[in-house]
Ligand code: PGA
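This document opens with one chain alone, in structure tokens, the form predicted alone.
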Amino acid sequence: MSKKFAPIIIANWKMNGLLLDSMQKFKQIRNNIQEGLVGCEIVICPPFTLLRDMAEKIPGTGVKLGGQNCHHEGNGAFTGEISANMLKDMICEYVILGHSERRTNLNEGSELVNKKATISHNEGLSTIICVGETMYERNNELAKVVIREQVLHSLPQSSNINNTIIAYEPVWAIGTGETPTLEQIEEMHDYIEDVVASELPKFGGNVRVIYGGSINSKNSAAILNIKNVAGLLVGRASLDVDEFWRIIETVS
């Protein structure tokens, strides 16, 4: 199902990057795009402090901009938070929601992710909704139970094929250097597609499911070659422009 869509490669810079160095990285990515053909959609999700400067430079580059999170309300007395319409104002087209680091470290549940996705869709943002199991859950045969709960409760009524991407990121593979086997990735992507097809009929049997978790240029081609992997959510490797570009080249 997923190969009906052009591959998408998303850089999640997390809490990394100061202005001068980050803009130099973006300039290098822009120059690489100008020098050769790119066979995928590229999205960069930098820290909030970089959005304004990147928003000024990104038009016409072919790169799209995304936020790493947003609040579930449109505005108000929420000190330190960022709203979906603020992201939209910075010409963001995407927002990452429900990343395991927020689910685990900040106790964000699927119901909260659902609210954030609803307001993001209302602002015209496409959501990258992350799901994934811990090693304990996998070892105790709970992975599919957890994934089903996260998919069904995180995706709001406003979700559809045009505004929602599901990112399968097993918690135990994020930042650890460990990755599931290709067979495990295919199995979980198949399962996510089956859950969406059987329980979320508004998707019409089609959904984009991308993979994230300890991706690098050595494993990206094999993962992207799996029939139901529609793209990659790249963390640490996206901070090294040369390494990130080698990942992009695997689909170019």
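These numbers come from a predicted model, not from an experiment. Start at 1 and count along the sequence shown; that's the residue number.
The following text describes the form predicted in complex with this ligand, which does not appear among the structures shown.
- The chain is drawn here without this ligand; in the model of the complex, the stretch among 209 to 217, 63 to 71, 186 to 194, 29 to 37 whose residues come within 4.5 Å of it by any heavy atom is 209 to 217.
- Interface membership of I9, defined by any non-hydrogen atom within 4.5 Å of this ligand in the model of the complex, is ruled out.
- By the criterion of a heavy atom within 4.5 Å, E101 is counted among the residues contacting this ligand in the model of the complex.
- For G175, a non-hydrogen atom is located within 4.5 Å of this ligand in the model of the complex, even though that partner is not displayed.
- Residues of 223 to 238 lying near this ligand in the model of the complex, listed in sequence order, are L233, V234, G235, R236, the criterion being any heavy atom within 4.5 Å.
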